[in-house]
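A single chain comes next, written as structure tokens; it is the form predicted alone.
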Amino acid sequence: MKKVFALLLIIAAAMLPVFANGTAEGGAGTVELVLSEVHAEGYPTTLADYEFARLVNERTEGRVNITVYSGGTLYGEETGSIEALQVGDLDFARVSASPVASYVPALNVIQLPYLYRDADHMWQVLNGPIGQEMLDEIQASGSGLVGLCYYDAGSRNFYTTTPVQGVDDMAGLKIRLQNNAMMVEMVRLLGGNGVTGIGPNEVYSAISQGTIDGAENNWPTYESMGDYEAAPYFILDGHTRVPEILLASETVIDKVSAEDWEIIKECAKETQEYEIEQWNLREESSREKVVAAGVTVYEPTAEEIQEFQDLMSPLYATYGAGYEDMIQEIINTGL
């Protein structure tokens, strides 16, 4: 049913016949495009999607109109949106960098555990030569995708049923993870056991039933899913910072004029700062809510974080193979 619904929405969006030069029949002069978002209304990335659509419509003087579909109503999970972009059934999608790494392996590098010192460090990397190189490689990969800009998704941290204040406290803990081999290896190296196959909506019950001892995610997810009620200990280890990416289908280039394509790219870049602002507001409100509810937050010292980081050497050797120079460049950025 979801696929049928998605098809109907796409057909509806395509009711205006559009010529390749970006003009529509009947003199309307508007190219109708569609953007897919898995997050709900009001989420930081969704707000940025709408801002992107607004800017594009304004800057093109109405020649390009982008309709945003939130909550995964079009293609469900992000992989479905990526596949639709590749064949031209979808025009834009906001997705995590993680699934895009299937087409651009170098993107795995910017997701390595304990790679960034803080958010400022990550943004210096993403908005610098390395980050732009990654976006350029998305289009050069032949995947049919175009990387427009990065959005923030915060840092991912562990939350558990018992206090964790250092590596020793991770021993034997069963931690729910995304289905990602690198993350499973990360938890193994820390002495815990990574558990996959549990959906985000199932984490609370899995913790409550003792199936797992905790999970890992960002502040908004920890709060909005109610996981803080079952796992009231949160350690700010910031093990990964996986950015979001606003993608376009290469077919969009042929749907709009060269001038409007440049405007689209510029507008995407401009929305990054807006999204970061929205993310910071949401992150702070989520943190305030769970702290008020009695959650214990532990902020590790630099020495304690170094202990976590030191254990990642085997993982870096495996997943960073061939990108050693880039990893070192990232580490040195901002020093």
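Since this is a predicted model, take the numbers as computed values, not measurements. Sequential numbering from 1, following the sequence displayed. Superpose the two forms; the largest set of C-alphas matching within 1.5 Å is the rigid core.
This protein has a second form, the form predicted in complex with a small molecule, left out of what is shown; the following refers to that one.
- Shown alone, this chain has one stretch from 173-181, 231-239, 129-137, 81-89 that lies within 4.5 Å of the small molecule in the predicted bound form by heavy atoms: 173-181.
- Though the small molecule is absent from this view, in the predicted bound form it lies within 4.5 Å of a heavy atom of just one residue from Val38, Ala268, Val31, Leu47, which is Val38.
- Thr221 is the sole member of Thr221, Ser257, Ser141, Gln111 with a non-hydrogen atom within 4.5 Å of the small molecule in the predicted bound form.
- The closest non-hydrogen atom of Glu244 lies within 4.5 Å of the small molecule in the predicted bound form.
- In the predicted bound form, the small molecule lies farther than 4.5 Å from every heavy atom of Val125.
- The small molecule in the predicted bound form comes within 4.5 Å of no heavy atom belonging to Asn157.
- In the predicted bound form, the small molecule sits within 4.5 Å of a heavy atom of Asn217.
- Once both forms are fitted on their core, the CA shift for Asn127 between the shown form and the other one remains under 2 Å.
- Here Glu216 counts as shifted, since its C-alpha moves by at least 2 Å between the shown form and the other one after the core is aligned.
- Core-superposed comparison between the shown form and the other one: the Cα of Gly88 travels less than 2 Å.
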